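Read the single chain below, which is given as structure tokens and is the form predicted on its own.
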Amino acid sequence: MNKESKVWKNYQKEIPEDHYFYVRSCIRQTFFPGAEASLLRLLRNDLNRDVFEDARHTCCTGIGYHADIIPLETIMTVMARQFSLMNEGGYSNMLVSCVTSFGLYCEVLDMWEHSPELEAKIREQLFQSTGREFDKPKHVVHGSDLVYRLRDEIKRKNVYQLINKETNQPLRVVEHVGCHYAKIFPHKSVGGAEFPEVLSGMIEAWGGEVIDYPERRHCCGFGFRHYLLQENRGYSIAQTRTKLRSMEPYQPDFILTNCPGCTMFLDRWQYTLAEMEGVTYDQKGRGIPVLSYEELAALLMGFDPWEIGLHMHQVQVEQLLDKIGIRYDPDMKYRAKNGDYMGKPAAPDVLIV
């Protein structure tokens, strides 16, 4: 094994192929609910994977924790209850939808490893409050980890590729990896903080070209307290602006993310910046489409764009669908499942929709 291979081996993680207890994301279901539903449908129905979720599981309370509202021991007890539900269902692998939850599960388990007395305290608190006990998971895996692990299997089932149907050239894609996925515990991610491959591996496997850009590892701008406190939102939008301006010279076809918050801010701050400054970051005034890894995988496998919720995006996706050659019915974009017309949102002043 050469030196490069040995170095890269240090950045790998074990990702089981099957049998997962799934915990949802409160942010994902609020901003882009179709993304999470698409992941479960893809894993269960198309890839025949055993992914179980318990209706009794709750939010991890991560936003409250990072906003200094939820105490550390409370979030530990909540997570311990999730582990108990996982054990009760007969599972030992935890599949996590949200990168903030993923980072916190890793953080809690790391704290318990170094402070067993704290783990014992949480066990006692859980038992006193719920009568439950738990075993820790063997693996904590983020949803993007599993899709990365299965990327070649997904490729074999893809209806579309990341190829421009007019030019027959690979689509140019910039990726943004969530900070809470790769930067808190780099050894828990694929590629670590310096060389995260979890999204670039999908792009390349599915026919696209990964475009490097100077602020590739810069935060999306969410920052929790930067956004949650209205007085601080200038910090949030300034960070997103930095990223978008860094991408602009490379004219990417779209942005790929693995974090619910990152997807939302990179998408919706484009609308805000257009209204504030009269600018977009593409050449046609439509903005740069932003997709999560679940949405991308579902699209390429032939899922209907509106069924997976792409009409929820601020930057419209039709420009990207047309490049790939994905079929869609424009008349169904704003219709509910029963076919009722929900009404078209008001158009922004600057961003073309």
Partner chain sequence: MVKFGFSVKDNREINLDEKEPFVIEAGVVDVAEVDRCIFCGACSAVCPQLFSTGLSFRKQLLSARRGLTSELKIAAGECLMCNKCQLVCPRDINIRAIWLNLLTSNI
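Source: prediction; values computed, not measured. Numbering follows the first chain given and starts at 1.
Keep in mind that the form predicted in complex with its partner chain is not shown, yet the notes after this line are about it.
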item: Interface segment, criterion being heavy atoms within 4.5 Å of its partner chain in the model of the complex, picked from 163 to 171, 142 to 150, 226 to 234, 82 to 90; value: 226 to 234
item: Proximity of residue 272 to its partner chain in the model of the complex, heavy atoms at 4.5 Å; value: yes
item: Residue contact check: residue 350 to its partner chain in the model of the complex, 4.5 Å heavy atom; value: yes
item: Interface membership of residue 117, its partner chain in the model of the complex, 4.5 Å heavy atom rule; value: no
item: Non-hydrogen atom contact residue 188 with its partner chain in the model of the complex at 4.5 angstroms; value: no
item: In the model of the complex, the residue from 277, 113, 135, 124 that sits within 4.5 Å of its partner chain by heavy atoms; value: 277
